[in-house]
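This document opens with one chain alone, in structure tokens, the form predicted alone.
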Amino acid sequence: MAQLLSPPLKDDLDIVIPTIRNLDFLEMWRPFFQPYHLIIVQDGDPTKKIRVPEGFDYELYNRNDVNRVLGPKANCISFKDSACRCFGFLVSKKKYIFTIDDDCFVAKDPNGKEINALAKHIENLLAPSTPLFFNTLYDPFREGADFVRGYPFSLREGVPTAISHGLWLNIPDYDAPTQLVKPRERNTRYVDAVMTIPKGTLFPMCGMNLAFDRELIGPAMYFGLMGDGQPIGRYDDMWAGWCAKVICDHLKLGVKTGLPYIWHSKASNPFVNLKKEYKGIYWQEDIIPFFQNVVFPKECTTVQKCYIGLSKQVKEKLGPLDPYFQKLGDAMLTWIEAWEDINSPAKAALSQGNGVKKDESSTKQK
């Protein structure tokens, strides 16, 4: 009998899921997710019991745990918003992270085969990116592709890939105004392509089907202050994407987008979304030019140094737009402080023993 191959990066990757409900959707993902460790971040009422299907290796954190682990720094983690997922990024001890929303199901390719989104993200992350020169055959490291004529040989080695951004079939990731004018529109187009987003180009990152190299870019994957008590929502993943992209560009790291697809099953309420988004829709006309003009000094040689510098620029350049950005800039600094605290060598060694994870009264299953 042939020996079964171990799932790729089984011991090097965490799956982070933000949720307010029972995770029955994991049954569909069981063939792909069960070998991996899950970090579940429960949003909303911490007294509510979240049911996780049997057989999964997971940790479940609620707001009480966030407060316990971070103490006074817990105010940098959003409440009543999917931005809470970044707490899972913070406490993970793995090199790679895959994060997915609980309304995302397994999609099928045009041949009817179920898509293992996690495996494709891993493939994307383990192959180099080409942000410095665009390849017209898209990802030259995919099977059946290569660099086209005219591509400089000096750039063909590529750069390390920090982020793999996947897409969605069925419900598109639209903003509220577009939802309102196209309520029945569904994405049925499966494009078999992966491409590197060029250096100097921003993109709207979506957190529902996303993977990244935590060691390369983790400190920049902060999803901001959103939700309860904040004047804006549904910009958490995009804020993280803009911050991470300008830092990737500076540090010569790559961001890929395209495959894999997931099946986005549930359209959120456009009227509720509009209330969350309307300030962001207005502010982004200033936010995007801000990021397009971000410059880091040569002394910024790490993600942390870049992010600290970026937080100062946010307060200086966007602060006059609204007091929220002064608060956000402070929260970005708090996030970095929390990252360095949780991931300090002493804390990391402790977490290998009994974990910064859950206390005995909390749920952990193997």
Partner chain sequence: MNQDDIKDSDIDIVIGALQPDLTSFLNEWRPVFSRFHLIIVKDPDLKEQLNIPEGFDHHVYTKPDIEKAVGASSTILFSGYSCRYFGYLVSKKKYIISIDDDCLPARDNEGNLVDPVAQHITNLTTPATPFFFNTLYDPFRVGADFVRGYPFSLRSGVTCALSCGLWLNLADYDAPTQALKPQQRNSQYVDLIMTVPARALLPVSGINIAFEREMVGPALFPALRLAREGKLRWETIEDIWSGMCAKVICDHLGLGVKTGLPYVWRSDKGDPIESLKKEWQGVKLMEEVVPFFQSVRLPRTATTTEDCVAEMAKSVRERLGSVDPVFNHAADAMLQWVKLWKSVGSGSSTPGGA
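Note that the structure is a prediction, hence the values are computed from the model and not measured. Numbering follows the first chain given and starts at 1.
Just so you know, the form predicted together with the partner chain exists too; it's not on screen, but the next bit is about it.
- Residues within 4.5 angstroms of the partner chain in the model of the complex, judged by any non-hydrogen atom, belong to 200 to 208 and to none of the other stretches in 67 to 75, 200 to 208, 113 to 121, 89 to 97.
- Checked against the partner chain in the model of the complex, the candidates Asp109, Glu215, Asp228, Asp146 yield a single residue with a heavy atom inside 4.5 Å, and that residue is Asp146.
- This chain appears without its partner; in the model of the complex, the one residue of Ala127, Val294, Met195, Ala267 with a heavy atom within 4.5 Å of the partner chain is Met195.
- Within this chain, Tyr138 lines the site of the partner chain in the model of the complex, having a heavy atom no more than 4.5 Å away.
- Interface membership of Val272, defined by any non-hydrogen atom within 4.5 Å of the partner chain in the model of the complex, is ruled out.
- The partner chain is not drawn, but in the model of the complex it has a heavy atom within 4.5 Å of Glu285.
- The shortest heavy atom separation between Asp173 and the partner chain in the model of the complex is within 4.5 Å.
- Within 4.5 angstroms of the partner chain in the model of the complex, the stretch 45 to 65 places no non-hydrogen atom at all.
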